[in-house]
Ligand SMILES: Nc1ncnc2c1ncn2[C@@H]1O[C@H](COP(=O)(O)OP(=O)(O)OP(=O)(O)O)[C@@H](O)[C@H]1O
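The form predicted alone is given below as one chain in structure tokens.
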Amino acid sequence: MITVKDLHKDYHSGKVIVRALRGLSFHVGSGEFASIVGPSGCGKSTLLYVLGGMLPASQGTVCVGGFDVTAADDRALTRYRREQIGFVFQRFNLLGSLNVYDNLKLAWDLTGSRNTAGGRIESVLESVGLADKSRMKPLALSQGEQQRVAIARALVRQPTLLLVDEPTGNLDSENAEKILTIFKELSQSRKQTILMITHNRALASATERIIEMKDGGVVESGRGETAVPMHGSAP
């Protein structure tokens, strides 16, 4: 599903070059629930934005579901983000003026599909335990419920890949566990491919694969708590 080879990303500020990603390589299989861990500033979020087609790579190759992200033009990347990628962020980014149903409907409408959204929205809300909250405004919900709405919004378009950035950072342990359970169910029952950034190693250990980053490269990759060294990666 995800193949990353020798990925580099440089930022330029005048004559200063900041190397955010340095020769990063890894693979994530279809339907796999993988996590990315590492210290602040190691390039985790930059990697997510390159995978999602929001930032161009400086060098290397990124393929998602057979689509070469690094070789695509702007029009192809727009279609890729709209049709294949679902994003879930730490900040829920819900529209407070719309109720839960309409937040999801807006995401559906952006796909350009001519099919009606009603049944799909109701199904997705039921899958995250919010079928009875569809007419409520986001600010009337708890933070855990708002994050579940954000997950439902990402899923309503049936993405090939779900990219998740610190989804439990604003949540208590009980709600964090609920979010983790949703992701595991999506992976196991619906074969949804999920790549999650988290600083919480206990959360990461519950995923099928841990990819550990340091200084812009992958230093370890393995199953759960059994990560093994990645030879040839950036130090």
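The numbering used is simple: start at 1 and walk along the sequence shown. The shown structure was predicted, so the numbers you read here are calculated from the model rather than taken from an experiment.
The discussion below concerns the form predicted together with the named molecule, not included here.
*Asks:* Does Ser45 reach the named molecule in the model of the complex, with heavy atoms at most 4.5 Å apart?
*Replies:* Contact with the named molecule, yes.
*Asks:* I'd like to know if Gln90 sits close to the named molecule in the model of the complex, meaning any non-hydrogen atom pair within 4.5 angstroms.
*Replies:* Close contact exists here: in the model of the complex, Gln90 approaches the named molecule to within 4.5 Å, heavy atoms only.
*Asks:* Tell me, yes or no, whether Pro39 is in contact with the named molecule in the model of the complex, where a contact means a heavy atom of each within 4.5 Å.
*Replies:* Judged by the heavy-atom cut-off of 4.5 Å, Pro39 is in contact with the named molecule in the model of the complex.
*Asks:* Could you pull out the residues of 2-19 that have any heavy atom within 4.5 Å of the named molecule in the model of the complex?
*Replies:* Heavy-atom contacts within 4.5 Å come from Tyr11, Ser13, Val18.
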